[in-house]
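For reference, the chain that follows is the form predicted alone, supplied as structure tokens.
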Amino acid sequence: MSKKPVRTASSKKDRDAVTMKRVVGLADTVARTTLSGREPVIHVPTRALSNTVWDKKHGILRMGEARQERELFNLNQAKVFMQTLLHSESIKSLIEADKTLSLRAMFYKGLHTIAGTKEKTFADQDESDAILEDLEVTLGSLREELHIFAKKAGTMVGNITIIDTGDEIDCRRMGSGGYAIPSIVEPDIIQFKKCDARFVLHVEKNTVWSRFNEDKFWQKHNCILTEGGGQPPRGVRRLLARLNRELGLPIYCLLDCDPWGHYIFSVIKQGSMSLAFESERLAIPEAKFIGLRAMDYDRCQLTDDVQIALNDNDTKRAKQIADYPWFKGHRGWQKEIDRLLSNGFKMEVESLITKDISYVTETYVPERLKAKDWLD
């Protein structure tokens, strides 16, 4: 399967113009309100479970209509009001300079002590990151459109050639380290040149990815192999979504048998609650979970050495996940979570090494794929 690089020079210019208009529009609204003698207020969509809507028809989470107000003259909201405008100004300057900054750099760009006080603009990066996410939903612009990127936290190898900012990269020739998936993987940055792969296998951790890469699983089974360092960052999720939608590649997820593995799959498949506004871009409703399963303790004849006892937090999380609308009506997932809880223990994919060093690559995954033994 071949794919010509997408021409995006003009689309990036147009995108920047739209984002700039929204940023300036936010500032203009505040200025006009102030000059008219009224208190300036910024309306920010609520990023919470309470404002998340399950779109069953399309199989994704969407953000609801709830909004929260940030008032300049409200002592409890004045700081976040100021922080919002401070980061807005930084975003404007980035677009004008046609440059990007990391989340960490944005924290430092906006960090200073307010004149006449000992108060700093941001207490830490978490506070800064939250404001940037609020700006995404307020402006209706993605983080990439704000010229902001996060650290790299994902790897890819396999039968695909891509163009990354003009450089041709053959992911078949990436050695033991693989191609580091960047934070921004939009079509103006990453284009798909040639793809012969039949599917994508996404694994939870780099340790498992390394096993598959060393065993040349992607070569033997004609696929692309990715990992996201646990909870995959947006760059990895976006790349998986593009591979699925633009190239038609099935996405199979090999994750741990625990509530956190189940949650990771939920985020990949349906989207996340805090970033529901991005679900159409990130979620992959057709994604499939191929393991590790609660039944595998008996099916694979594993020993009690691999058992990791569920703690109270694990049990609570498992029950919460079972109650998600997209899992609640799914008989397969209800059975899976019930079995996990009745077992009383969780298992990691790495536990399969107790069978054989390459059992997961040579037996477990090939058998699951051949039998179409997965949860969707």
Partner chain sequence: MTEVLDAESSPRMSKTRSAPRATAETMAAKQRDISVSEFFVKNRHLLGFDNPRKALLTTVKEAVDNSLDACEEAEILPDVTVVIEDLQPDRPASAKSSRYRITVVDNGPGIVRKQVEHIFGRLLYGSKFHRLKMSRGQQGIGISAAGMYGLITTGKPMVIHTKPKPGQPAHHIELAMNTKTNRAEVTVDKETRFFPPERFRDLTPGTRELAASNQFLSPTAYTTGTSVSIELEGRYQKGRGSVDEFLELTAIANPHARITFVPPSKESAAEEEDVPLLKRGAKAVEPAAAETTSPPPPPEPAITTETSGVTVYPRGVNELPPETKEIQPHPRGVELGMLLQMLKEAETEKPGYTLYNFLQDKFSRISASTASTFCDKIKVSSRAKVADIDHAKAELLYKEMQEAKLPPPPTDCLAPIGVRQLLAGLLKGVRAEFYAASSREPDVYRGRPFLIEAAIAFGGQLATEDTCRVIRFANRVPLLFQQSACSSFKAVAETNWRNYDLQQPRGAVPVGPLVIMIHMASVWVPFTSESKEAIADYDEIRKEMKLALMECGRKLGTYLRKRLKMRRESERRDVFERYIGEIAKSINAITGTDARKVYNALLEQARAKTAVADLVLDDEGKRIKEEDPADQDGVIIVESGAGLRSVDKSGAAGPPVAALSKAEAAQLTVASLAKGGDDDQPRLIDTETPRRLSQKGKAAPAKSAKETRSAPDKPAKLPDKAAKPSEKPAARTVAAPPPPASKAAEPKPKPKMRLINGKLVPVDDGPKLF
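Residue numbers count along the first chain shown, from 1. From a predicted model like this one, the values you see are computed outputs, not experimental measurements.
Omitted here: the form predicted together with its partner chain. The next part is about that form.
Q: Select, from the options 335-343, 306-314, 37-45, 52-60, the stretch whose residues sit within 4.5 angstroms of its partner chain in the predicted bound form by heavy atom distance.
A: Looking at the other structure, the answer is 37-45.
Q: Since the partner isn't included here, can you check whether its partner chain sits close to all of 243, 284 and 329 in the predicted bound form (heavy atom within 4.5 Å for each)?
A: No, because 243, 284 and 329 lack any heavy atom that approaches its partner chain to within 4.5 Å in the predicted bound form.
Q: Since only the chain is shown here, I'm wondering whether residue 81 would be in contact with its partner chain in the predicted bound form (any heavy atom pair within 4.5 Å).
A: Yes, residue 81 lies within 4.5 Å of its partner chain in the predicted bound form.
Q: Determine whether any heavy atom of residue 31 comes within 4.5 Å of a heavy atom of its partner chain in the predicted bound form, and answer yes or no.
A: Yes, residue 31 sits close enough to its partner chain in the predicted bound form that at least one of its heavy atoms falls within 4.5 Å.
Q: Would you classify residue 66 as touching its partner chain in the predicted bound form, given a 4.5 Å non-hydrogen atom cut-off?
A: No, residue 66 stays farther than 4.5 Å from its partner chain in the predicted bound form.
Q: Just checking whether residue 295 would be counted as a contact of its partner chain in the predicted bound form - the rule being heavy atoms within 4.5 angstroms.
A: Result no; residue 295 lies far from its partner chain in the predicted bound form.
Q: Of the residues 180, 97, 105, 114, which one places a heavy atom within 4.5 Å of its partner chain in the predicted bound form?
A: So the residue touching its partner chain in the predicted bound form, by this definition, is 114.
Q: Between 119, 170, 126, 280, only one gets a heavy atom within 4.5 angstroms of its partner chain in the predicted bound form; which residue is that?
A: Contact check passes for 119.
Q: For the heavy atom contacts within 4.5 Å of its partner chain in the predicted bound form, list the residues of 71-89 involved, in sequence order.
A: Heavy-atom contacts to its partner chain in the predicted bound form: 72, 73, 74, 75, 78, 79, 81, 82, 85, 86, 88, 89.
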